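The chain below stands alone and is given in structure tokens; this is the form predicted alone.
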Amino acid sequence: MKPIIQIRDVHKYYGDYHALRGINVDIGEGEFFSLLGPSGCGKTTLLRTIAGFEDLSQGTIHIDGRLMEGVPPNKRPTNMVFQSYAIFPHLTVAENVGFGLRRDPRTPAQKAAAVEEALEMVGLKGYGGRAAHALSGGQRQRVALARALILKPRVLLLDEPLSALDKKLREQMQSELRRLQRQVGITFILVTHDQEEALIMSDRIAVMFEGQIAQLAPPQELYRRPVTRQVAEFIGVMNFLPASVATVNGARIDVEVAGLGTVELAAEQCPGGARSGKGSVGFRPETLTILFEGETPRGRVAEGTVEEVTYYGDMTYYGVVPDGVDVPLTISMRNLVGRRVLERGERTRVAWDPAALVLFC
């Protein structure tokens, strides 16, 4: 994939505070790229340096092969959708969308056609004459997108654009944004603290902590093979059990896991590298299976006691404490027709597969 953005050794200081610490990343042309992390990790600062709203303390940013040093935001091939949308309430929808065309040399008729095209692109065809203050949250978000896209940027920067929406509308707009990105074919860079949002929408995700990129990977790799326990804890739900490395024999590692016994792991299950000593293994709730009456396990089996039951309709999440372990493991089970929901205090068997484990040393 040809990079449209090249970021090299970027640092940003605010006085003594080191907000960005040696960021190096290439972002591909036509890629949906997400910056994911907790508040204060530097993701919005990095986005603003790409946009030109923040100067670099050190390092370089190239966009479309051009060094951005000294290039103001309005001269960069980027546009930005802010968290607040920044819609002008006294203007109509069409006036908002066409605001950036005020100095454009096109004729009024050409500008009006461009506004209609942008509105149709975001699903607001026929809304041009409506007052902006009369729009719903989702409609305002679409207007902000249309206003950014009408200038045909090479890169669209999105600073948590869905955070103000309710859950159902946010999920709808996630699909709409992904569809829109494929339709226009330009690079989208999304800042979000919502792990699920990043997994759903992105081609690649950069997970950030304390001004650094902890892991950069496609969603499936990030979810299945986090390289550190910190990344694993941040992305979705992960169970952890104490473990100690017994032997390392080339590509195979023998690990003693609390409550599960001795497990042989492959080298790719130890993304940080296997070392002798103590650590932990992690595994996702959906990789465990509660065995109901008459069910035969396909993998290995542990026995335990149901401590917690959380019913979600389509799914039930169980907290099961395996024998010999003090903490419950979270297990997600789909509520199939005829499958009963276990009660607290019940004894149960749990099937698990060593291939689902990830070792953190």
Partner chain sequence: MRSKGTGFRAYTIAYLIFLYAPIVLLPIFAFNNSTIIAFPLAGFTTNWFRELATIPALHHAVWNSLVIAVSTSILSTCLGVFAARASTRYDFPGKGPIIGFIMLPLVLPEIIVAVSLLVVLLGIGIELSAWTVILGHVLICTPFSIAILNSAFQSLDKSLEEAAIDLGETRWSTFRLITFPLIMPGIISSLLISFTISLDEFIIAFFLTGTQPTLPVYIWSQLRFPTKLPSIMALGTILVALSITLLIIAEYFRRRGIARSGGQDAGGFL
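Source: prediction; values computed, not measured. Numbering follows the first chain given and starts at 1. Throughout, rigid core stands for the largest set of C-alpha atoms superposing within 1.5 Å between the two forms.
Just so it is clear, the following notes concern the form predicted in complex with the partner chain, a form of the same protein that is not shown.
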Contact with the partner chain in the predicted bound form, heavy atom within 4.5 Å, among 236, 272, 137, 73 goes to 73
If we test each of 124, 288, 245, 87 for a heavy atom within 4.5 Å of the partner chain in the predicted bound form, the one that passes is 87
Wondering, does residue 53 line up within 4.5 Å of the partner chain in the predicted bound form on heavy atoms?
-> yes
Hey, in the predicted bound form, does residue 147 get a heavy atom within 4.5 angstroms of the partner chain?
-> yes
Examine residue 280 and determine whether its closest non-hydrogen atom to the partner chain in the predicted bound form is within 4.5 angstroms.
-> no
Partner contact for residue 100 in the predicted bound form: the partner chain, 4.5 angstroms, heavy atom = yes
Where, among 256-264, 174-182, 197-205, 101-109, do residues come within 4.5 Å of the partner chain in the predicted bound form by heavy atom distance?
-> 101-109
Could you list the residues in 55-84 that come within 4.5 Å of the partner chain in the predicted bound form, counting only heavy atoms and keeping sequence order?
-> 73, 74, 78, 79, 80, 82, 84
Would you say residue 231 moves between the shown form and the other one, meaning its CA shifts by 2 Å or more once the core is fitted?
-> no
With both forms fit on the core, has residue 131 moved 2 Å or more by CA between the shown form and the other one?
-> yes
